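Here you get one chain, nothing else, as structure tokens; it is the form predicted on its own.
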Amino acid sequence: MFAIYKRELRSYFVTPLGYVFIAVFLAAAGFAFSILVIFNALTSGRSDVDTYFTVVIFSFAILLPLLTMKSFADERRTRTEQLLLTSRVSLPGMVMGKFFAAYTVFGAAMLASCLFFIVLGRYGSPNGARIFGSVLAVFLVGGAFIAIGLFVSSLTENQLVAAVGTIAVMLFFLVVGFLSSYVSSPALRAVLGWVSVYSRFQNFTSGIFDPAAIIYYLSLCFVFLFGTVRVFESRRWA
């Protein structure tokens, strides 16, 4: 697994992809932070941290597919997939190596964006518990979305199809909670609320540490990573 991890992590930085992702992520987060947090802190004395983190997780639907779209689709396109399937690395190890490589790049960008809160400490009065909870939730959502991206990438050899498919699935998990208000059936409304990534995220932005939400995000990550392994198991023996 570690060999796959090193190879994938290196591939992000021998091409512009890793630098582009980090630059675009920090630019988008910095713009949202300056408008929603610093500007409000200077004008009204209150920083709108909740909306800032909401913008961040919705931006994942566009940015994270940049990291995952090539992970397996490019292996199929360049016909190097068989080398992976016949190597001594186990299929779970191969999938986890690619997952942790993408998660490392994402985590580096996210940690760099956390430096913005040093500025907030000078111009406002941030709530440490809410910020910590929100950052934790962002890392959990990011992990789940990267797992989704890897799964979609494993289904196709076209990077554009992988990116568009990943965006569609991510947006579904983000907006499905909003659809519950238009559903008359209490049972279906409960199911939509349970599936929603965003409704659980709101607990953290409110300063509520929700263990059930943590289990949900980790379970979502596990299900899609397991699904990716199953895709390659079926392909290995096809």
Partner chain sequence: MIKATHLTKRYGSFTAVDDISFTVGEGEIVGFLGPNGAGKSTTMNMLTGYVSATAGDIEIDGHDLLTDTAAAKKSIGYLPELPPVYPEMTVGEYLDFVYELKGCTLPRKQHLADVCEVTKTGDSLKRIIKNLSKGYRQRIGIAQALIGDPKTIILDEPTIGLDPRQIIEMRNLIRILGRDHAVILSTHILGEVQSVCDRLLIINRGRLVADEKTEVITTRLSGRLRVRATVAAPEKQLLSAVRAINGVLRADPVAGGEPGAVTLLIESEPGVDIRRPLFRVCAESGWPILALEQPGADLENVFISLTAKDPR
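Remember, predicted model here, so these are calculated numbers, not experimental data. Positions refer to the first chain, counted from 1.
Although it is not shown, the form predicted together with the partner chain is what the next lines describe.
Although the partner is absent here, residue 83 is a contact residue: one of its heavy atoms lies within 4.5 angstroms of the partner chain in the predicted complex. Of the heavy atoms in residue 135, none are within 4.5 Å of the partner chain in the predicted complex. With a 4.5 Å cutoff on heavy atoms, residue 157 does not count as touching the partner chain in the predicted complex; it lies far away. Looking at residue 140, you'd find every heavy atom of it more than 4.5 angstroms from the partner chain in the predicted complex.
Partner contact region in the predicted complex: 73-81, out of 73-81, 163-171, 141-149, 104-112, criterion any non-hydrogen atom within 4.5 Å of the partner chain.
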